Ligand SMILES: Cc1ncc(COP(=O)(O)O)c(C=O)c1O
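Given next, in structure tokens, is a single chain: the form predicted alone.
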């Protein structure tokens, strides 16, 4: 029997707990999810109608697009970035359309990182950031966020810089904590990158989902334009998670190199999905505001339900994305690792969460909770958690 030798690159990575927990729950059945980051909104009807028309009337809509993406979509993305971030891009040479933000990140990491190169990653981290660095045979260097507010700790980043440091990978609003990093901290991180000649990968997947004030982006700092790769997504803002379409932008020379990786792994983003994204960009701004307002209400609901579960849970109120890193506090002498806690909640409460330690040391004794679900599902999930906590650990007060 043939026994394939698995490459060291693949052996070094693993499937994230974000994907693992729903697979466990599927075998249990009847679970309500606070797990994977999928907002409940359906594909906007105007996008569906526009795409159906395009497929019916445009023979090329189901064929390959240009390798970097539809020209009109690149132009529309460049217009969006100019309008919201003040960055003027050449859509012909500085913009590319990808198979979701994940592929954009993969192209960026693969282009920048050689074997042994180090990349600074704030921690708790989004697991795929780390796995992609490992796939490139680089070394993710975890720099802890401030534990009091999940803010960006630039001094911790500074202490982590070595002669092997090649880049930093920063996402704000942040997955898994929901933090929106302060402009002052991001500007200091930019200064650090210039000081040590580091590239910056700016993952702005959740940039629109900032509830209390607009999120500041590293892309808004002109002084680092020559070293910054920006990554964006249509998934969260436009409710197009399953369509798998995103984008990236970078200086022309760097973009040309990343497009070589894009060509190797994808050829082009799915053309129907690109037309869907183009229709979403043309939609009234009110559509996105409705999504934002609904998620803000869900954030407030999830926080209120967690407040009612104190002192079992404590948390930092998220300013963006749709995640809360909730720390659980067990009776003295009892220790339940977060993965075990998450699995128990699936089997005993039928609620899906994601174990916090999957996101690094800062997630120990914590669960990442997503409030992307509809309000009735959020309430059902928290009702189940509350009943389970009281049954297992007694009265909360």
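Please read these numbers as outputs of a predicted model, since none were measured by experiment. Positions refer to the first chain, counted from 1.
Unshown form predicted together with the ligand; subsequent notes refer to it.
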Going by heavy atom distances of 4.5 angstroms or less, which of 327, 317, 227, 244 would be at the interface with the ligand in the predicted complex?
244
Heavy atom within 4.5 Å of the ligand in the predicted complex: which of 186, 141, 136, 102 fits that? Just give me the one.
102
Among 216 to 224, 84 to 92, 262 to 270, 124 to 132, which stretch has residues whose heavy atoms lie within 4.5 Å of the ligand in the predicted complex?
124 to 132
Quick one: is residue 207 in contact with the ligand in the predicted complex, heavy atoms, 4.5 Å cut-off?
no
If you check in the predicted complex, is residue 171 within 4.5 Å of the ligand, heavy atoms only?
yes
Since only the chain is shown here, I'm wondering whether residue 236 would be in contact with the ligand in the predicted complex (any heavy atom pair within 4.5 Å).
yes
My question is simply whether residue 274 lines the interface with the ligand in the predicted complex - judged by any non-hydrogen atom within 4.5 Å.
no
